[in-house]
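Just one chain is shown here, as structure tokens, and it is the form predicted alone.
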Amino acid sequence: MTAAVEKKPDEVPPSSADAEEEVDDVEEDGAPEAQGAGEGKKKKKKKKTKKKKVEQTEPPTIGLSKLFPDGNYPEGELQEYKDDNAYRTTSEEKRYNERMAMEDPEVTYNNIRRAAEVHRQVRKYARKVIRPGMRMIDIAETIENGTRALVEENGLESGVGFPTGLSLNHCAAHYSPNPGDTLVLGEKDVLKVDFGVHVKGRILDSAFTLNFDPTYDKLLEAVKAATDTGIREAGIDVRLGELAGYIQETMESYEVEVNGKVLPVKPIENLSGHSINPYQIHGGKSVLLVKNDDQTKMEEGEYFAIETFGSTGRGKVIEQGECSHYARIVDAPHVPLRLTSAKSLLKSINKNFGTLPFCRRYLERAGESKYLLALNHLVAQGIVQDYPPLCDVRGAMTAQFEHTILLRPTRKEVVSRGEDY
């Protein structure tokens, strides 16, 4: 648990988690101080130095290295493997593999755990302050400012994992406000909050949905349950097509009553969870939400974003609206660029984002201006991929819940799990 630190005007905040506070206490000692002394004296005893732990502020601004000075970050929720893999929990060989992984700076679980703790603390504040009447751009910046401060943003070493998704209502994914966006959150809106944190390329991807009108409570309940089912059934050697079937079954067991009409909750058939590679948010494997014949297996050591989307509409999305999300393609071809502005922009993208997704606001923050022509040219040349908003039919409502899981040798770690979801 964290709480706000109240700063008085003249107070200087402690610079480390071990800010010291000395307390003198006077204890009564009835015995004479020395033999032959006429009367007993009060003997002052100094208590041991009391250490005051640094607490997170509101809004969150204190970097995690100050809160966890030993460099060890909280472990996520642990779930044991089932059936043929149940032996892994107590296997000495698998335990040894994990110890070796923790000692390897390239493989250590500490990076994803640090990113997860940033996500938990930032979203705790976000869930508290996001209310109807706020501009979407202010919501996005609140989340991003908190993320940058807590992860102690440092170039491509640590920072925001991808643009903050704030998709509303029938729009399920990939909407983030562009510069100048004036959209305001409404009382009846259903808001998907999807944001990421990365540490040394290990991307923590987690999302939740907020509603301020109880009409769609059951929709949120259905999607949260479907995500939890996906997490519970995921594991080493699990086939992705079968996992999708478990998610579908849970999601379709719910219905929502809207204005006296009962609507089924449908999994969005062309959206999916995905594996996550270093500096690559979509790692190549997909966890669809409807049962299919994909025989691909999950493997030891992999990271997955288990995310599910439910809809009261047709259960299928199309690209619609102004694009905000972009990413340089990992294996993009080497194309000679004729536009000088495109060359310059690509250089800036490589320097600031690498293959991490970005949005127009991030380009402006990096100092770019009048970049749209160059950006569209990079998209047309197959160097940058655009990700327009993905929407169901207007009038439908969509919800999303998502967690990042790590398939460790001994058990499954739901690294982004928190008290909230």
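Just count from 1 along the sequence shown to find any residue number. Please read all numbers here as calculations on a predicted model, not as lab measurements.
One more form of this protein exists, namely the form predicted in complex with a small molecule; it is left out here, but the text below deals with it.
- Put simply, of 94, 282, 127, 297 only one has a heavy atom within 4.5 Å of the small molecule in the predicted complex, and it is 282.
- This chain lacks the partner; the member of 254, 208, 109, 326 within 4.5 angstroms of the small molecule in the predicted complex by a non-hydrogen atom is 326.
- Remark: all three candidate residues (173, 274 and 288) come within 4.5 Å of the small molecule in the predicted complex, counting heavy atoms only.
- When the small molecule is considered in the predicted complex, residue 362 lies well away from it, no heavy atom lying within 4.5 Å.
- Proximity of residue 163 to the small molecule in the predicted complex falls within the 4.5 Å heavy atom cutoff.
- Of the heavy atoms in residue 62, none are within 4.5 Å of the small molecule in the predicted complex.
- Residue contact with the small molecule in the predicted complex: residue 344 places no heavy atom within 4.5 Å of it.
- Looking at 78 to 86, 218 to 226, 306 to 314, 144 to 152, the stretch with residues near the small molecule in the predicted complex, meaning non-hydrogen atoms within 4.5 angstroms, turns out to be 306 to 314.
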